[in-house]
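Consider the single chain below, provided in structure tokens and representing the form predicted on its own.
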């Protein structure tokens, strides 16, 4: 099946048009954040203070890229384990984030929040960071430069490949895939 092309930031209509198992190619602006940045963002939310980025409709890519080589927008940019962000993800969705990209399973609280706030969890191929970096045309640190590779970056992406794992309907590709395999 041909991948679906989607534009970042996302609308509810696009989120609701996607189902677990759909392959997508993402175009537009996405942001990066890992554990340390999520902790800082949620602390700001809890204090009612403004965030350094607008989360409305946004993708957050769980990545800590390596330094770029001359002529490249970014270094290797493979996904990190998403479960480390599970404690923060419901609050991020509540604040307007529409999709997160990583690798691995999400807990039930995150899957419930994806339904409640109309969000998606997508997986990028782990171990393919050098290939994924070729889909990033521009990268700039926009918050928390002191975090080094875990700083929040604004990425411009062109045909960035990902697969919907958890959709806004409660479907889970990892569960469905295991059932399919068991047959």
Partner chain sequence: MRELAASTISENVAEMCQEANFYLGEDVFDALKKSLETEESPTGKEVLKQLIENVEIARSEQIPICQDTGFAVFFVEWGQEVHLTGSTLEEAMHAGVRKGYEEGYLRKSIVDDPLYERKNTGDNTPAVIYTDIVPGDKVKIAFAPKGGGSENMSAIKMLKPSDGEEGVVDFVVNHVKAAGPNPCPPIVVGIGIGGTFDKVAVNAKKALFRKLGEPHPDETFAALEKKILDKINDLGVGPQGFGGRTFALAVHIETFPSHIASMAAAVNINCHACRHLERTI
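Remember, predicted model here, so these are calculated numbers, not experimental data. Residue numbers count along the first chain shown, from 1.
If you look for the form predicted together with the partner chain, you will not find it shown, but the lines that follow are about it.
- Candidate site formed by 66, 70 and 103: every one of these residues places a non-hydrogen atom within 4.5 angstroms of the partner chain in the model of the complex.
- Contact with the partner chain in the model of the complex, defined as any heavy atom within 4.5 Å, is confined among 124-132, 137-145, 111-119, 47-55 to 124-132.
- Among heavy atoms of residue 76, some come within 4.5 Å of the partner chain in the model of the complex.
- In the model of the complex, the partner chain lies within 4.5 Å of some heavy atom of residue 81.
- Taking the partner from elsewhere, residue 165 is found to have a heavy atom lying within 4.5 Å of the partner chain in the model of the complex.
- Residue contact with the partner chain in the model of the complex: residue 9 places no heavy atom within 4.5 Å of it.
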